[in-house]
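Presented as structure tokens, the chain that follows is alone, the form predicted alone.
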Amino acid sequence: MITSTANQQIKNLVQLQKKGKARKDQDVFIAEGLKMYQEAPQDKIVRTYISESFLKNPENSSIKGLKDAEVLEDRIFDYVSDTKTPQGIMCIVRQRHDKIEDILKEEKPLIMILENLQDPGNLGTIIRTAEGAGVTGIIMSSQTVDIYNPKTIRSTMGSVYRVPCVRSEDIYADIDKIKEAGVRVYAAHLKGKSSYTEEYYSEGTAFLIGNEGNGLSREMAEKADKYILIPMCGRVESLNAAVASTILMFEARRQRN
């Protein structure tokens, strides 16, 4: 049992929780909670950590894969946890390395393209919703918040294991690539003339979603084949990025059903 914060494994866990560079250098991330542990691909789990209380709880005796888990004293587990009320289990998981080509394998892909999103909760919610809406994959600009940020991981509720996500080093070139593959690109934009419900998304489709504070940049918006509008009442001009994404994704899913 690990009982000291000076332990090298504990120091590493803290770095992985706080530092994107540490996660990138080691090519891993931390997933906390029982659901995140159970849904993680077993061949991707590097190491599992449980609290002393978790180990002693008889309800946890039937959980698979805990034989080799490292046990932490409760106060040490609380120290490395990124949550206010830790469930007593976390694991180090290898990162995915999806490619644009993987997303374009589907005949009529449905793609979300995210530009410089900064809120980890928004990104995680979009990934989770994308799985529910049957999205083929997500492409993110290089300045988008780290997908492996602990808050993003929690917000995905496990979808991060299953939804292909690509961090693009040249987002404009990658948009050109998907357009060459026959995918039509739409931007929800205040200059849109037609409602999002008036367009046809049953063929290859991509939606551009901009930064929470600034929306889409002019350069990104110009990559769209067409601007669409989400009509709203009152004096509201725009929606939360995750909410707007959800509306568009499920309209595409409705049409495809």
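Values in this document were obtained by computation on a predicted structure and should not be read as measured data. When you see a residue number, it is the position in the sequence shown, counting from 1.
If you look for the form predicted in complex with a further copy of the same chain, you will not find it shown, but the lines that follow are about it.
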Report the residue, out of 149, 129, 87, 168, that has at least one non-hydrogen atom within 4.5 angstroms of a further copy of the same chain in the predicted bound form. 129
Could you tell me which one of 230, 220, 69, 30 places a heavy atom within 4.5 Å of a further copy of the same chain in the predicted bound form? 230
For the three residues 35, 133 and 159, verify that every one has a non-hydrogen atom within 4.5 Å of a further copy of the same chain in the predicted bound form; reply yes or no. yes
Which of these stretches, 57-65, 42-50, 191-199, 220-228, has heavy atoms within 4.5 Å of a further copy of the same chain in the predicted bound form? 191-199
Contact flag, residue 253 vs a further copy of the same chain in the predicted bound form, heavy atom cut 4.5 Å: yes
Is it the case that residue 81, even though its partner is missing from this view, gets within 4.5 Å of a further copy of the same chain in the predicted bound form, heavy atoms only? no
Taking the shortest heavy atom distance, is residue 247 within 4.5 Å of a further copy of the same chain in the predicted bound form? yes
In the predicted bound form, residue 239 touching a further copy of the same chain (heavy atom, 4.5 Å): yes
At 4.5 Å, heavy atom to heavy atom, what parts of 42-65 sit next to a further copy of the same chain in the predicted bound form? List them in sequence order, or say none. none
